[in-house]
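Quick heads-up: it's one chain on its own, the form predicted on its own, in structure tokens.
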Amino acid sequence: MTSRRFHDRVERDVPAMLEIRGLDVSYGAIRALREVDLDVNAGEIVAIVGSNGAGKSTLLRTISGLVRPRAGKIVFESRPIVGFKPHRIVAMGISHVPEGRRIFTDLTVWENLALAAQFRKPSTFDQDLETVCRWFPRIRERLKQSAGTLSGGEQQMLAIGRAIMARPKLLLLDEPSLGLAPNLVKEIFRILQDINRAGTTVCLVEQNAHMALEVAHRAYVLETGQVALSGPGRELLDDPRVQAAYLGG
């Protein structure tokens, strides 16, 4: 696919919630991200799509402080955050749901949720728990159950619910559909749209490009660590190059 960059962001008086400029990340001699520029505006769902090894997960891990970039800047709500520890970034309002869920399987569902709530006022715990259980009714039914006994879909719901308990302004999701049956994928994406409508901004890494581009307000296509395309999700969904490379068109 020929590299092409374009930005459809409407000029506004306030900066983007998340601004990334000239981001470079390397693992030894391997350069994972190359001069990545990216914006996420408040209230959006922004999708990051691309093939395996394109740098999608590295991008989210760098935003959340798990990886230190070689160069570039990351600004969240007008505040540079490169070099901040992950727990500090969570406290600022960014929650990361990693690929593979990473729940604590030897703890109960309730204990998993309670761990994330430490970043917010204790007085809001019951309200936040009710919000999670409203979006994920199966979680309510399994609060006392060991998290390791949940199905794959239920574990993904728990991972998202745990992130929501921290009351994020920006929710980062890495491959939420991975390993799930098609009906569960649809359910997860429907709930993500509900979460977004309720006021949480979402940045979504997803190999299911069709589903991601359908729900995204805007999207970026990463190729070998670089932004190759960007624009409205629906426009990229109809782009012949995206269809040929990622949608089987």
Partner chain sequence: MAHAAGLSLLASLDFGTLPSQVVNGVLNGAIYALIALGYTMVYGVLRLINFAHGEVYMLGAYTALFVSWAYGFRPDVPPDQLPESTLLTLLVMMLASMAVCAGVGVVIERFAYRPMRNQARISSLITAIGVSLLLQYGGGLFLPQNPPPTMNERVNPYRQTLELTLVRAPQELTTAVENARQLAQRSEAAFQERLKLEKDRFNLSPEGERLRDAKFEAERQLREAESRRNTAQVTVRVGAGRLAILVASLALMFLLRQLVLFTPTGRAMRAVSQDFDSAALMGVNVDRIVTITFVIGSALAGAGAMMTATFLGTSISPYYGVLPGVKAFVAAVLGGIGNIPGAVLGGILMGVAETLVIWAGYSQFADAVAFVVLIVVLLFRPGGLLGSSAVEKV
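Positions refer to the first chain, counted from 1. Computed from a prediction, not measured in an experiment: that's the story for all the values here.
This protein has a second form, the form predicted together with its partner chain, left out of what is shown; the following refers to that one.
Open item on the list: Can you pick out, from 191, 185, 215, 66, the residue that has a heavy atom within 4.5 Å of its partner chain in the model of the complex?
Closed with: Of the listed residues, the single hit is 66.
Open item on the list: Please identify the residue among 79, 85, 140, 73 with any heavy atom within 4.5 Å of its partner chain in the model of the complex.
Closed with: Checking each option against its partner chain in the model of the complex, the one that comes within 4.5 Å is 85.
Task: Heavy atom of residue 145 within 4.5 Å of its partner chain in the model of the complex - done: No, residue 145 is distant from the partner.
Task: Any non-hydrogen atom of residue 61 within 4.5 angstroms of its partner chain in the model of the complex - done: So residue 61 counts as contacting its partner chain.
- [ ] Indicate whether its partner chain has at least one heavy atom within 4.5 Å of a heavy atom of residue 178 in the model of the complex.
- [x] Result no; residue 178 lies far from its partner chain in the model of the complex.
Open item on the list: Residue-level question: is residue 102 within 4.5 Å of its partner chain in the model of the complex, judged on heavy atoms?
Closed with: Residue 102 belongs to the contact set for its partner chain.
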